[in-house]
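What follows is one chain in structure tokens, specifically the form predicted on its own.
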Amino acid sequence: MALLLDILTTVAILYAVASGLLLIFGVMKIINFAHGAFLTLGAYASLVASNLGLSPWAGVPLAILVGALAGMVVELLIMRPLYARPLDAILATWGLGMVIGQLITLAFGREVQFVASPVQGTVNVWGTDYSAYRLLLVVAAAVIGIGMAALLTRTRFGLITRAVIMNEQLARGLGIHSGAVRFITFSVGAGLGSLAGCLITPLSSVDPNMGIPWLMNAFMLVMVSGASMASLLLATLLFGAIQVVVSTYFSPILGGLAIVVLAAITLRIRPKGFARD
């Protein structure tokens, strides 16, 4: 049972981390390599809230706000002039991630820091005592997934967004402001990235480079899933389960490489990954 719960919570964490990256890639067709930096911003927002003596839950809205504001600035100043040059945009986000990391280092130093979990103790699940906070992350990931699905399928913004995804030129011809769609999408994606950073903070240390390994896993999951939320869920379920099994029964180091290796093999065999042909 402990192994099954480890798989479930790992899948939830991976889904939460990759969802913002998937949203930006689905609309803008650009991989945001600054996603790891946004995740780190969310972690430090949680750390600041903790250091100020605020409620442990105060880090959640603060992280979303910091990430969304940073996303707005980045979209306006960096991304917008590069939409017609996707390769340059990818390189720009990669460089931006390094710059944000250095700015965080200047502000907070290189030392490793920790944030207490807002939920303490364990919950008995079918005879197994398990971390209450990790179980809470399953609920958080479900809320993120349902919220994204509702936004994209049940709102006018979602309808407009899908129109831009399918045919941006036609959408413009119909009077849709694709620039506004990109601005909102990038800001929401950055906010989701910072939220994920805040959520995983109690499970790991906080340092300026903490977002890099998460970025690599999220990148490979998004590449395998394409622009589909359902495919992302499938990828996180399959690869996350294998990662936990490998880490538990073989080596945590090999487990850390599992997602990258499996995604590379999948894309070699099936270039579109789990997305529908």
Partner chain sequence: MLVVAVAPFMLDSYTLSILVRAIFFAMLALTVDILWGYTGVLTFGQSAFFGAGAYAAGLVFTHLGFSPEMAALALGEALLSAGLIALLVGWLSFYHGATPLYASVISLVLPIVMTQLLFSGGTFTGSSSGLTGYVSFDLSLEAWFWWAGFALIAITALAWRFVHSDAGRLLVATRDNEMRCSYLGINTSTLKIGLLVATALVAAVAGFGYASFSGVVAPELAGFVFGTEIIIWVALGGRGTLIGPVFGALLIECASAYLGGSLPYVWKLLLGAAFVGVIVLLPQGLLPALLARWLPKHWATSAKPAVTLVEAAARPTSGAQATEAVALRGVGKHYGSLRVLKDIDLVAAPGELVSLIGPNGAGKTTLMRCMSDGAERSSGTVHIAGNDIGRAPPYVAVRYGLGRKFQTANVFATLTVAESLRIARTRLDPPSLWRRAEQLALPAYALAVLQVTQLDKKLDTEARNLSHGEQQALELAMVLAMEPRVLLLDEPTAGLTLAERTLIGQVFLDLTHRFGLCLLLVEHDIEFVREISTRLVVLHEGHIAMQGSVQEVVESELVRTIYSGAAATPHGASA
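What you see is a predicted model; the values in this text were computed from it and never measured. Residue numbers count along the first chain shown, from 1.
Beyond the structure shown, there is the form predicted in complex with the partner chain, which is absent from this document and is the topic of what follows.
Although the partner chain is omitted here, in the predicted bound form all of R110, I212 and M216 have a heavy atom within 4.5 Å of it. Shown alone here, A70 lies farther than 4.5 Å from the partner chain in the predicted bound form, counting heavy atoms only.
Although the partner is absent here, T105 sits close enough that one of its heavy atoms falls within 4.5 Å of the partner chain in the predicted bound form. Put simply, P81 is close to the partner chain in the predicted bound form: some heavy atom of it is within 4.5 Å.
Using a 4.5 angstroms threshold between heavy atoms, L137 stays clear of the partner chain in the predicted bound form. With the partner chain left out of view, the stretch that reaches within 4.5 Å of it through heavy atoms in the predicted bound form is, among 219-227, 57-65, 37-45, 237-245, 219-227. Note on the partner interface in the predicted bound form: the residue among Y130, W94, F183, F157 having a heavy atom within 4.5 angstroms of the partner chain is W94. A heavy atom within 4.5 Å of the partner chain in the predicted bound form is found for exactly one of A116, A149, V143, L87: L87.
Contacts between 234-262 and the partner chain, taken as any heavy atom within 4.5 Å in the predicted bound form, involve I253, L257, V260, V261.
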